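One chain comes next, on its own, written out as structure tokens in the form predicted alone.
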């Protein structure tokens, strides 16, 4: 069975991690896949699989996907002697699909979650435009590894100083929803371990999580830095592109430019920046189109602690 390598961010070269989280499926899939009409016979499916060297064929007409015929469906047709029946009668009609704009990491996740050998790929109009297999992914990763083999980048965490006062830097990556929130969880845990007021911890947790996930959803990757002192928690978020066209609008609750598939995952509701600003004592944002965005949020600890 074809298997994908372990591509967790903490174990992979940075260049490879950026590839799997920053490359859209559209750039990896096989475009213009072989398809069958619903009224084509299973015998025709057998011929195409044999001639094209493939093990699955989408059933589609004018881009609309109706199902998929796999090698298992073909074997079943042969066993019950129904090669002359239509693919519509024996195809799998409940098909799990991916979208062109999704990151390659999403496809890798699906191959781990489902036991399928391929996934049809749809565009924003829900029309079939491609198909992606484990082989497509492996070929892409191998080609990139060959290009990057001489410049592996080490991924090292910053040294953490003992006590409340620390400085830590975390990396975020585009559409890395699986690991999104790792930085905010770490800083929250640090504050909990030092017995800070839970109301202050909640503020820091909200600001850090919203800013971190804002990078995951909208940027192509960046860093989130924490500087903790007895007086304050300073959160500095810097990302690479695409920048915010209208900062004032982005600070308005409900305003979002997130794609529909991101919203379907429960992100991109347009509350990230407004929530972060709301809980911060100081908030600064600067963005430049094509360059990136910098956000600084400061939450004071000293004055709150003396009130207890």
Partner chain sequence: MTLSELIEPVQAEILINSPDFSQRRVNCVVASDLMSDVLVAAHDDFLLVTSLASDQMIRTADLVGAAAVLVVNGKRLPDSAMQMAGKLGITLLRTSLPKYEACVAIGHAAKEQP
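The model shown is predicted, which means the values in this text are computed figures rather than measured ones. Positions refer to the first chain, counted from 1.
From this point on, the text means the form predicted together with its partner chain, which you will not see here.
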Exercise. Taking 167, 222 and 234 as the candidate spot, are all three within 4.5 angstroms of its partner chain in the predicted complex by heavy atoms?
Worked result: no
Exercise. Using a 4.5 Å cut on heavy atoms, which of 240, 278, 26, 44 is close to its partner chain in the predicted complex?
Worked result: 278
For this session: Work out which of 206, 141, 196, 102 lies within 4.5 Å of its partner chain in the predicted complex, going by heavy atoms.
Result: 206
For this session: Find out whether any non-hydrogen atom of residue 271 is located within 4.5 angstroms of its partner chain in the predicted complex, and reply yes or no.
Result: yes
Problem set entry | Contact flag, residue 177 vs its partner chain in the predicted complex, heavy atom cut 4.5 Å | yes
Exercise. Taking 4.5 angstroms as the cut-off for heavy atoms, does residue 266 touch its partner chain in the predicted complex?
Worked result: yes
Exercise. According to a 4.5 angstroms non-hydrogen atom cut-off, is residue 185 in contact with its partner chain in the predicted complex?
Worked result: yes
Exercise. Among 187-195, 90-98, 225-233, 123-131, which stretch sits within 4.5 Å of its partner chain in the predicted complex, heavy atoms only?
Worked result: 187-195
Problem set entry | Residues from 42-57 in contact with its partner chain (non-hydrogen atom within 4.5 Å) in the predicted complex | none
